[in-house]
Structure formats: structure tokens, C-alpha cells
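Quick heads-up: it's one chain on its own, the form predicted on its own, in C-alpha cells.
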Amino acid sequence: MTESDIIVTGIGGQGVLTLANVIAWSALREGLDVKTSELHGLAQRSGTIPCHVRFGEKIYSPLVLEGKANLIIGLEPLEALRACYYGSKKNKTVFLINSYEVIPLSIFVAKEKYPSLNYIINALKSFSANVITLDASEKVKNTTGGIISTNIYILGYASAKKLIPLKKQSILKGMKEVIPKRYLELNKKVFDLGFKAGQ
């Protein structure tokens, strides 16, 4: 198996760390070498959280290099744009982005305008020929009444599209390792919802 380099990004409270950990545990379930790195110092203030997940036969560094990501999952559009430099057309990076906007405080402080989704998509096209946007939060809200499991919906979608080269059963086992038991069944339901959307 070749190496897989994945960036998961979003803001505090969106389940960025949970999603990265599920992917890492899923890869471990397949006997792969896994390295992860995360920056979550501002997570409790709705700050940016970029996580790196790398897996393969042998991984020597936890950090995805510039232009080397295979997949960038953005749980929030602006955060996906902030991670753009990890993507490249040469490496056939796929951006998978939840279209749900969470406007950061810094936009208000600087009196800036939050960029439109079209602006973000067009900017990302300089880094990738494959930018996928999903209204994942809306789909999850319609099913569960909240958006808390949006990260797992996107995981299901990515699994069905084979954007993450891991078996579905391994991912379900990875979810069991990371997600508290009382939330597991709900998250399995949301995973299946995303998986069906990706088929």
C-alpha cells in the first residue's frame, strides 16, 4: 500500500480531532503504520484545528508536506481554504468540504467579509482539480435534529467514494474505538447516511 496523507481541518467543536482519531484507529485496525499530528490550542475558543493523519506500510513523520496531501477534509469552508497549500494538482489532491459556514471572530474584528463558497471553491481549484462540497450539516440536521455528527457523515461519504483507502468494516471498528458508547449507534446511522450519499 502506498502512503496516504490526509488533512482534517475545521474549528473547535466540529469534531476535527474525533474524525482524525477515527481515521487513525481504522488504519491501525488494518495493521498499518500510523502517525498523526494536531494543533488544537485554540480549540476551546472556536479556533482553527488542523490535524494530519498519515498511514501506510512505514511512516516516518506525522506531518503532511506542502502539496503532498491526498485528501483534505474541511469541516468548514474557510478552514479548508486555509489548508490549501497542502494540496496540489500534481498529487491529485481531493478537497472534501462541508459547506456549512462558521464565521470566525477574526472576521468581525478585522471588519473583513467572509468569502463566498464560490470564491473558496475557485481559489482551491488552483490546488486541485477535484473540489467536492457537501451540505453535510444540513443532511445531518434533517436526520438527527443537530449538526454534531457532521464529521461522521463526511467520513461515510469519503469511505463510499474510496477517498480514504480503508475498508468500511475497519472504519466502523475505528469509530467504536473513539466514539463514546452512548453516541455510537447514532454515529453509525449518520455514517450510513453519508455512505449512501457517496454511492
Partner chain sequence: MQFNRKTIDKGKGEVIIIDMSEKILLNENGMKIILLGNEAIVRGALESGVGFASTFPGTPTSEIGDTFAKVANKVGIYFEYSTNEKVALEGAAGAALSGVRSTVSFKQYGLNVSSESAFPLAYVGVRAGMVIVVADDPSCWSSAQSEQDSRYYARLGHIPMLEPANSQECKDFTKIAFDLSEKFNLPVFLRLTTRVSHTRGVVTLGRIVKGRTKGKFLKDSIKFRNFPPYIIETHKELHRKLEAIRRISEEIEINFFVNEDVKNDLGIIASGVSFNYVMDALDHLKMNLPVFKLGLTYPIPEEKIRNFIKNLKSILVVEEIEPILEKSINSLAKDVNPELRVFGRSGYLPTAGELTEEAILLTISKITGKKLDYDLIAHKEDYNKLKIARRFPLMCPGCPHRATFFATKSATGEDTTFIGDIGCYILGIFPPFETQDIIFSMGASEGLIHGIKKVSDQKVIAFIGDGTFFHAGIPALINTVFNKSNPLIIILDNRTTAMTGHQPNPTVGVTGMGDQTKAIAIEDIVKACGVENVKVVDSFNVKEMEKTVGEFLQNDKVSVIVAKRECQLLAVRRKRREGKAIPKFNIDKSRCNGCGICLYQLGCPAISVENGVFDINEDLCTGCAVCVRICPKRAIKVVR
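Small disclaimer: the values here were computed from a predicted structure and weren't measured. Numbering follows the first chain given and starts at 1.
Just so it is clear, the following notes concern the form predicted in complex with the partner chain, a form of the same protein that is not shown.
**Student:** So, in the model of the complex, is L63 in contact with the partner chain at a 4.5 angstroms heavy atom limit?
**Tutor:** Yes, L63 sits close enough to the partner chain in the model of the complex that at least one of its heavy atoms falls within 4.5 Å.
**Student:** State yes or no: in the model of the complex, is some non-hydrogen atom of K168 no more than 4.5 angstroms from a non-hydrogen atom of the partner chain?
**Tutor:** Outside the cut-off, so no.
**Student:** Can N130 be called a contact residue for the partner chain in the model of the complex at 4.5 Å between heavy atoms?
**Tutor:** Output for N130 is no: heavy atoms all beyond 4.5 Å of the partner chain.
**Student:** Taking the partner chain as it sits in the model of the complex, is K189 near enough to touch it, meaning that at least one heavy atom pair lies within 4.5 angstroms?
**Tutor:** No - in the model of the complex, heavy atoms of K189 and the partner chain never come within 4.5 Å of each other.
**Student:** Even though the chain is shown alone, can you say which residues of 171 to 199 have a heavy atom within 4.5 Å of the partner chain in the model of the complex?
**Tutor:** K173, K176, E177, V178, I179, P180, K181, in sequence order.
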